[in-house]
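Take a look at this one chain, the form predicted on its own, written out in C-alpha cells.
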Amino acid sequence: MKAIQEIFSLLTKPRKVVITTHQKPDADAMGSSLALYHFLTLLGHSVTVISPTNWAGWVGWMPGTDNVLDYEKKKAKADAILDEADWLFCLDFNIFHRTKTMTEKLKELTCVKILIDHHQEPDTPSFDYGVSDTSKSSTCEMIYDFIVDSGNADKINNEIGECIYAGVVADTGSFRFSSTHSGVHLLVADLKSKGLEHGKVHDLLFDNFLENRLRFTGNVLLNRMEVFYEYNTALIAIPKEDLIKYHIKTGDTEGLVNYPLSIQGIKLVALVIDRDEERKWSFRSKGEFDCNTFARKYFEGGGHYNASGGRSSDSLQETVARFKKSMMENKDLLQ
C-alpha cells in the first residue's frame, strides 16, 4: 500500500469515484464518507457513496445522505456504478468482510482502492494507496487531514464541516476518550472559525430520538444489565423480544455500551444484542484492558484498544455463557 500523499497530485483529474464504509454506518463512517463526497465533488469528480446496509435515522440529517445508495436495496444499480469506478475509497474499515454482502464484489474490483482508517490490523495488501493510523480519534479527523494536507483547506465549507464534526464528536465520546489529542481541539477550532454551529450538530446526533428509545434504555439498565464486581465487569444482554417490544430500529442501541462505564471500578463493559442472523457484541474498557485482543480471541471481532466489536453464531444464552467464561479467564487482567 502506497502512502496516501501520492494521490494528492492526481486529485486534479476528474474521475469516477465510489466511497464506501462498513455495514450499519455510524456517525464517523457516514460523516467521513459524506465529507469526502462533498470535497471530491467540489474538485469536479463524479462521486457516489454506497453503504453496504441501511443506516441509523439519527445520521440521516447529514448533508448528502439522500444521495447515498443502500447496497442491499439497490444492488444492481450499485454494482453497475462499482464496475465503472476509477477509484474506490474505503473509509472507517480496513478489511473487506466488514462490508457484509459487498465483500466479494469489492474484492473482485480492479479499480484503484484507497484506504483511510484508524482501526488496528489493516489488510494493507488489498489496497493500492492509503493511510492507517490508530492514533487518530476518528476517520473524520483523517478526512480533515486529507483535505488540508492536499492543499485544499479552503474547500472546507459548512456541509463538510458538519459531517466532519459529527464523526469526531461521536467517536471521541464528546471529547472524553483518550483519543482526543490536542489536534482534535485545533480541528474543531478551525471548523468553528469557518462557521460551524456545533450545538446544532450535537442536537441532531444526541437529542433526536423517539420516546420508545428512552423507555428501551430504561428497561435495558433495569432488567438486562449484570455487574460482576469481582471481575470489574458489566454485561448487558438484549434479547430479540426487547427489540420487538420497543420497536427498536437501526442505530437505537448506539451508546448503550457506554452507560456501565460510569459505575465505579468497572473496567470492562460488554453488550450483546440478539439479531436475526447473529449475536452482535460491543466491548468498551478503561485503562489497560485490551478490547481489541479480547474481541479477536473470543468473538471473531476487533477494533480499538478500548473499544471493539464482535459476533457470534451461537444462541444468546450460549454466547453469554461463553463471555462469562472468557471473563473469568481474564480475571488477572481485569483486577
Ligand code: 5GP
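Numbers follow the displayed sequence, beginning with 1. These figures come from a predicted structure and were not determined experimentally.
Another form exists, predicted in complex with the named molecule; not displayed. Remarks below refer to it.
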message: When the contact criterion is heavy atoms within 4.5 Å, does A307 count as touching the named molecule in the model of the complex?
response: yes
task: Report whether the minimum heavy atom distance between H119 and the named molecule in the model of the complex is within 4.5 Å.
output: yes
- prompt: Does at least one non-hydrogen atom of H38 fall within 4.5 angstroms of the named molecule in the model of the complex?
  reply: no
query: Is K280 close enough to the named molecule in the model of the complex to count, meaning some heavy atom within 4.5 Å?
result: yes
message: Looking at 49 to 57, 64 to 72, 262 to 270, 298 to 306, which stretch has residues with any non-hydrogen atom within 4.5 Å of the named molecule in the model of the complex?
response: 298 to 306
- prompt: the named molecule isn't shown here, but in the model of the complex which of R213, K136, R98, K113 has a heavy atom within 4.5 Å of it?
  reply: R98
